[in-house]
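Single chain ahead, written as structure tokens, the form predicted alone.
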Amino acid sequence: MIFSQLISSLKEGDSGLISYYIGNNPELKEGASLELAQNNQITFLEENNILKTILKESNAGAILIPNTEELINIAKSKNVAWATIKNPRLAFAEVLTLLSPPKLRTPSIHKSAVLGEQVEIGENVSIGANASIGERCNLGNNTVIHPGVVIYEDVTIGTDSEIHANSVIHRRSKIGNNCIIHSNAVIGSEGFGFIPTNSGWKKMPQTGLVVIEDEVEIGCSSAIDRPSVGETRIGQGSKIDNLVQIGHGVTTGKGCAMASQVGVAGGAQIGNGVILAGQVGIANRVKVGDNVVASSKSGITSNISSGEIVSGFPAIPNRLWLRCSAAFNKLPEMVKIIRYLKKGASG
């Protein structure tokens, strides 16, 4: 696709096109990183990107940049096609979608797929090899079920959703519209519910269900458990990375993001727009307010008010954690001083 065609599409996008220079209007085949891009590739740069100094040496055919005089002058000096964008990263995502559009699938049901009784299948549905669809399931229009997917009985999947290979959707789970569930994810498995008794652990039946609202994306090998009663619910537009564990009875608000290896214990309530970085842990029944941000490896053991940024274990306000971290390196010297003072006092 030539650069001028991409620019026409960016004008209609959300990234905020400001100005552009077509130059020799290069034919662009794909996107690439700033360091590795060649003359048939497009790349991008953010204003505070540490790779800014590499821009002068980039061989990219076209560059998306913030609207700063310094970067515009560099682009002009290279005589390459460029565009200034309010949000270059978002523009790059829009460009990648244009250069690598999703593969169109012919609606079909593979001969090796197994469908239970009373399964309802919408229009333009694709079901791959060795998929298993349980009784009384309902698959919405344009849904794609990839090979090896196992869907238990009484599952509902909305329109335009995609379930990748070898995922498992347990009974009664409800998945909304425009959802993506990546390979080996497990939705609606039994929650970890056991009661200690004198004779050992007594299993609590997990009779609830999982509800995945619209436009949720769930990464590879993540697990979302169903509760003993009631539901586990993932809010609309939330994005869950690979290897995330969501316990039974958890609820999240809209637009949350959870990075890899996050673990949320049963009954936790998470507000709207919460961001949990890698390996964050949330304890049982904790309440996390709207727009909370938890940095990597934070351990949230008590309720967090809306808008807080927290770090550490147990999680504390980020600014306090930064001060504590700075003091930590001084502890050995402080111990020496304290021992010296104690020795002087006792002498």
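In this text, residue numbers run from 1 along the sequence as written. Because the structure is a prediction, the values reported are computed rather than measured.
The protein also exists as the form predicted in complex with a further copy of the same chain; that form is not presented, and the subsequent description refers to it.
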Close approach of Val280 to a further copy of the same chain in the model of the complex, 4.5 Å, heavy atom: yes
Heavy atom of Ser325 within 4.5 Å of a further copy of the same chain in the model of the complex: yes
Exercise: Val293 in contact with a further copy of the same chain in the model of the complex, heavy atom 4.5 Å: no
is_contact(Gly16, a further copy of the same chain) in the model of the complex, heavy atom dist at most 4.5 Å: no
Non-hydrogen atom within 4.5 Å of a further copy of the same chain in the model of the complex for each of Gly31, Asn130 and Gln245: yes
In the model of the complex, the one of Ala257, Ile109, Ile121, Ile72 near a further copy of the same chain [non-hydrogen atom within 4.5 angstroms]: Ala257
Contact residue in the model of the complex, chosen from Ser167, Thr143, Ser173, Thr84 - any heavy atom within 4.5 Å of a further copy of the same chain: Ser167
Within 4.5 Å of a further copy of the same chain in the model of the complex: residues from 219-243 (heavy atom criterion): Cys220, Ser221, Ala223, Asp225, Ser228, Val229, Gly237, Lys239, Ile240, Asp241, Asn242, Leu243
